[in-house]
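The data below hold one chain only, encoded as structure tokens and taken in the form predicted on its own.
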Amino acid sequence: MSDFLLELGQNHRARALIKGLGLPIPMPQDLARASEGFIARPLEGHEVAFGHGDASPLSEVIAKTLAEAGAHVGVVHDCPSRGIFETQAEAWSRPQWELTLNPDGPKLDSIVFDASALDTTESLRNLYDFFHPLMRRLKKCGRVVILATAPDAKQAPLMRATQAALLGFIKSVAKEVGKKGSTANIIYVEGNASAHLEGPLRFLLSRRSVFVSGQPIVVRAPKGRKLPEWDWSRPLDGKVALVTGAARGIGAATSSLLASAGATVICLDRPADDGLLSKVAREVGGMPLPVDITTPEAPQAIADFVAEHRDGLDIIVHNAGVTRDKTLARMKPEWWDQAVDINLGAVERITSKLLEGTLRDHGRIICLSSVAGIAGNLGQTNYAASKSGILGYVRGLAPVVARRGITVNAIAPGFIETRLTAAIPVVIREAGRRLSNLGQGGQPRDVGDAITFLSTPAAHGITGTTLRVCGGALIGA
């Protein structure tokens, strides 16, 4: 289903005419999605402004990350961390430039600010002083990322209040920049987890996070053995992934992205969709597995298939799901049972079986939730209950499997352009699209990009969390 306003907005004459007439018609910005495969330097040539408050505890890892990723970083001349950035720039042959805090300087691809040391109400003024003169310089489809300190029970109340204030700030920035296709997010880093900041920072600054906006990501120090080195251009080389609901939409897009990152993908869907499933599997160089996940035999059938064709799994993506919409008073009992069992019950049964020996250490489990599971939705008590259950499931399972280095996370998509949203009445569909900061719906690959990120070693410090891929939707914000 095409988005008429998005297509119209790509016509420069139409956009100028509507703007000139002062018509109250939203003109979404076409988002700059990644067009190439996975690359080691996704920020090659990007102009990035960096700043911080009185101190920058994370400056070393930020400087190294940006330099390795190819960014061209600008720092103000009197910044205490300037020397750290100059050293990294020289080591990676990335020229340094002097950032001037005025609205008329060169345009910026990204703005990064280390706010992890802010600890008083007065220190929040650093946000205004740094961002105020730079906001007009942010390019279309730009990125804003703030680094913060994760909440800790030992922190003083004022420190916690100051760091909590950053979330309200970044959510508001996300709404301000969204009309130009730009995003703003925050990364909370636990005290000893700075070494695991690189992956999330790369992701949020890249073109693979176009529909993630106004969101917090918490980075923790993982348990278990240290991960071996990996290639940023093939982060899933040699890995085996299982994707349920792989025949179409988000599942098909995810299968393709996982394969492009180097994974061998087992594509699972209903036997009734065998034709579509086989086509997707052929296109990604994977293997089709037609199984009905609602049957009692499904978990064992999956485990047996993996044992026959591979010696284990590294990634499980629980994407399969259904809606059986009706208000509670009119809902048939079988509709309740179907939605809850497929969306939640099957996830638990399959995961439990695969954890017995099929999923390897340092594995990844990604479960699809929904913003409906966060905010609820009219006529979706069954669906919302199941998707909210997913949020609790990943929080509960994460510490249980942490000793094996396995991470468990959820993705909560907002309005994504799929066959399901295409069936929504036109007025509701238009409202769903325009309620995001970006003024449009997302694409299946936007969800797939987030799933793929969480599947890689780069996300080893993220577990037990939910990442919304909703464009900063007002619903559930």
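Start at 1 with the first residue shown and count on from there. Not measured: the values here are computed from a predicted model.
The following text describes the form predicted in complex with a small molecule, which does not appear among the structures shown.
Query raised in the report: Going by a heavy atom distance of 4.5 Å, is L268 a contact of the small molecule in the model of the complex?
Result: Answer yes; at least one heavy atom of L268 falls within 4.5 Å of the small molecule in the model of the complex.
Query raised in the report: Heavy atoms within 4.5 Å of the small molecule in the model of the complex: does I342 have any?
Result: Output for I342 is yes: heavy atoms within 4.5 Å of the small molecule.
Query raised in the report: Do G249 and the small molecule come within 4.5 Å of each other in the model of the complex, heavy atoms counted?
Result: Judged by the heavy-atom cut-off of 4.5 Å, G249 is in contact with the small molecule in the model of the complex.
Query raised in the report: Any of the heavy atoms of G448 lying within 4.5 Å of the small molecule in the model of the complex?
Result: Because no heavy atom of G448 falls inside 4.5 Å of the small molecule in the model of the complex, the answer is no.
Report task. Go through Q215, N319, S116, S209 and name the one with a heavy atom inside 4.5 Å of the small molecule in the model of the complex. Result -> Of the listed residues, the single hit is N319.
**Report entry** Candidate from K387, R143, R94, R364 lying within 4.5 Å of the small molecule in the model of the complex - any heavy atom
**Finding:** Looking at the other structure, the residue within range turns out to be K387.
Query - Partner-facing stretch of 38-46, 431-439, 51-59, 411-419, counted where any non-hydrogen atom is within 4.5 angstroms of the small molecule in the model of the complex - result: Heavy-atom contact with the partner occurs in 411-419.
Requested in this report: Verify the flagged residues T65, F85 and A148 against the small molecule in the model of the complex: is each one within 4.5 Å by a non-hydrogen atom?
Outcome: Verified in the model of the complex; spot residues all out of contact, no.
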